[in-house]
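Taking the form predicted alone, here's one chain by itself in structure tokens.
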């Protein structure tokens, strides 16, 4: 469904992506990992058409996305930091997104799931950070799209909301959807991901399952395996 083909991107003299090639298809959850500056956010922004590659091509359902926009209707996106109009109420914000996107969303199940009924009449500026993130999740997940992109989805969530988010993501995976997640929370990666795409210094350094990563790194847990990749980043035995 999604193919990144030999993607290069620089911002001025800073090379962010250096020939990244990877595909996501067939359903499942792919965790895009890597240290700050590795190119994760840039790659996601390219998929969303917010940034254009200097070289290479991105394919969605077999078609290049360059200068296209219709494919975005098939993507649900949860940004790491959502900037909402502060003077709107939660209900007004949800209705605004529904008016813009159209279609047939199902926001009520998510409002119920994250206990937001008592907050619907409140203005965004009066919400806590965790409640804003729950609203962010509602806006991102209320459409039944085949591709879901979650950028640091657990930010600000309390333990109960985090459990409900995990259940929600697994429910969407069970429908055969392709889900991309970026996060620094390794427990979330272990609970959810089917595959890891590890970016380092603008390149794909590792791609595979968590057991394969542990075997590759010679470690017995995920955090130690990630640390091993970072400590041996100049080694030649890259696994793609």
Partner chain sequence: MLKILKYSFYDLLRSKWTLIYFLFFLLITQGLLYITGDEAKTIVGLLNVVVILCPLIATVFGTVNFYNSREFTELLLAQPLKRRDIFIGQYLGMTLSLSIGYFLGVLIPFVIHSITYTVDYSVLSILLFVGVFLTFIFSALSFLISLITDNKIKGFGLSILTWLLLALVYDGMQLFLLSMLDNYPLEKISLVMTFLNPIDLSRVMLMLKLDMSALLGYTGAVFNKFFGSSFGYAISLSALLIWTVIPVYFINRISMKKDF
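The structure presented is a predicted model; accordingly, all values stated were derived computationally and were not measured. Residue numbers count along the first chain shown, from 1.
One more form of this protein should be noted, the form predicted together with the partner chain, which is absent from this view; the next part is about it.
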At 4.5 angstroms, heavy atoms only, are 51, 72 and 77 all close to the partner chain in the predicted complex?
-> yes
Report the residue, out of 93, 116, 127, 165, that has at least one non-hydrogen atom within 4.5 angstroms of the partner chain in the predicted complex.
-> 93
Answer with yes or no whether residue 101 is in contact with the partner chain in the predicted complex, where contact means some heavy atom within 4.5 Å.
-> yes
With heavy atoms only and a cut-off of 4.5 Å, decide whether residue 159 touches the partner chain in the predicted complex.
-> no
Taking heavy atoms and a 4.5 Å cut-off, does residue 120 contact the partner chain in the predicted complex?
-> no
Taking heavy atoms only, is residue 83 within 4.5 angstroms of the partner chain in the predicted complex?
-> yes
Listed range touching the partner chain, judged in the predicted complex by heavy atoms within 4.5 Å, from 204-212, 189-197, 51-59, 168-176 = 51-59
